[in-house]
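In structure tokens, one chain follows: the form predicted on its own.
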């Protein structure tokens, strides 16, 4: 673990990604309070105005400060990415660990279920979920998390199946450790590297999917806003008011790139041999 940390600190792209993520997180958490401009406050007389000293990101069609809305929307986008990723991690790790450790017919059955689910158009499943159960933030968490665990399950299953037959696991079983204890104490800790790496790379993918749903009007609902819903608003008015699209797209792109850089750095840190291929 120490050597992995040293390799990560030598990865310049990953360090830049961490710095960008820290700055973005501090901005979206502290910025709205420091601005003292409620993102939902309207000034219809002001209307859409270009960036200025009073409004660095300009205002939208209803006279709302775009900087405040982008920072408030960043909170929701990051929250969706983290919570949905956590849901997918829990489901994927449990499913893959059980399949890989038990093996046999149960393993084949569980992985065939994963194969069948892979063949379904998962984004349509999320859209149907939003339409059927209502457009709420909780349903966004559940929907995106429930479709993002399949690859995680495959990764964990492969890692656990490879570790289950190792000598140190067999020795723990002979020493009287229960199957569950061996899985939790010996197998999963040694599979933590790939789990952490893929979990990091899942966050930007979930954020993109949330942005797509919000772009379609099926994600975060007004008066709340996410970067995806702000992009949808900006795209419809891009010709007249380009700043409405530019600033949310800039923050979203910077965050997604930073997350991918951090994920690449973690992958090379935990598996330097694979990274050199």
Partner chain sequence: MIRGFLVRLGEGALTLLVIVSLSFFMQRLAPGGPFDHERELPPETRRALEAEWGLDRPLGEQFLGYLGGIFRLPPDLKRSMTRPDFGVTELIAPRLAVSLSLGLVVLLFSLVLGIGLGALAAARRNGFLDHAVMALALLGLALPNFVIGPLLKWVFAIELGWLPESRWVSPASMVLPVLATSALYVAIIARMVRSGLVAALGQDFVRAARARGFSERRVLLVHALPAALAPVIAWLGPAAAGLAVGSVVIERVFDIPGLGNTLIDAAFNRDYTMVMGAVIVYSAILIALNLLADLLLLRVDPRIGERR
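Numbering follows the first chain given and starts at 1. None of these values were measured; they are calculated from a predicted model.
Another form exists, predicted in complex with the partner chain; not displayed. Remarks below refer to it.
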(message) Within 4.5 Å, heavy atoms only: does residue 253 come near the partner chain in the predicted complex?
(response) yes
(request) State yes or no: in the predicted complex, is some non-hydrogen atom of residue 166 no more than 4.5 angstroms from a non-hydrogen atom of the partner chain? (result) no
(message) Within 4.5 Å, heavy atoms only: does residue 127 come near the partner chain in the predicted complex?
(response) yes
(message) So in the predicted complex, is the partner chain close enough to residue 28 to count as touching (4.5 Å, heavy atoms)?
(response) no
(request) Select, from the options 104 to 112, 169 to 177, 185 to 193, 71 to 79, the stretch whose residues sit within 4.5 angstroms of the partner chain in the predicted complex by heavy atom distance. (result) 104 to 112
(message) If you apply a 4.5 angstroms heavy atom cut-off, which residues in 200 to 215 are near the partner chain in the predicted complex?
(response) 208, 211, 212, 215
